[in-house]
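Next comes just one chain, in structure tokens: the form predicted alone.
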């Protein structure tokens, strides 16, 4: 009689997987709940891979396949940068670089009611959370966290937005702080919001926030703030965006060297 060998996810963690690989056997789990991110699907008692990449895990129980793509595939609980393309009576239509336009209900804001519906112009940049992402359906967004608070979600004013690969976005949000952001934060004063859909927004702080000989990096699952000295010139915007976009395939040391050479050009 043929017996089915159980599959342990530890065997595949941080290793390259390809479509068709079975990375987990649910029949071997008892009283455990897992969450599946992008690139994985459930086939009866097996969890199989849908796209090539590295299998990743985050506590307490989420698995996903990390890969670098230009096109974003929406996944629940992803924090993304969206551009308003239209507004309806009940929803804002938002482009999140996915296969379909997402919708943001007008009440999906902290304390949202019919009396205080926000107004966004076409082209407005929003920091939002994906709450529903089913195949064949338009993704649903929200401007609140899981507890219903606004947190850092909402309209992003001013600043400069540019696009990257989804792999670079995840690298920028990694912990400890990504070396390129740490190196830039020691010399420049700016705020950055990173969306898992491959969009990055950078806003430079005003001179009165200048701090001499001191830098701080605040990290969260969706945004990073770096501050030291003022930086607001167009050349600085170009340097920061280029440094971030060129860092994807560089080691930590290479990223630091690159930042030092780029900053010398604007001094």
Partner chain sequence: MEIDRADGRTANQLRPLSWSRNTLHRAHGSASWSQGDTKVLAAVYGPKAGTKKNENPEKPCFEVIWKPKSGQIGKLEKEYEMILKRTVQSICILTVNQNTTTSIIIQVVHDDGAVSFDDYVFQYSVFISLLPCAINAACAALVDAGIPMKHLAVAICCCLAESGYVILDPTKLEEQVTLISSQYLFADLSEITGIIWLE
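All values derive from a computational prediction rather than experimental measurement. Numbering follows the first chain given and starts at 1.
From this point on, the text means the form predicted in complex with the partner chain, which you will not see here.
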From the candidate stretches 194 to 202, 235 to 243, 28 to 36, 62 to 70, select the single one in contact with the partner chain in the predicted bound form, where contact means a heavy atom within 4.5 Å.
62 to 70
Proximity to the partner chain in the predicted bound form, single hit among 100, 84, 151, 161 (heavy atom within 4.5 Å)
100
4.5 angstroms heavy atom contact with the partner chain in the predicted bound form for residue 47
no
Indicate whether residue 16 is a 4.5 Å heavy atom neighbour of the partner chain in the predicted bound form.
no
In the predicted bound form, residue 51 touching the partner chain (heavy atom, 4.5 Å)
yes
Report whether all of 57, 157 and 176 sit within 4.5 Å of the partner chain in the predicted bound form, measuring from non-hydrogen atoms.
no
Does any residue in 132 to 152 get within 4.5 Å of the partner chain in the predicted bound form, counting heavy atoms only, and if so which ones?
136
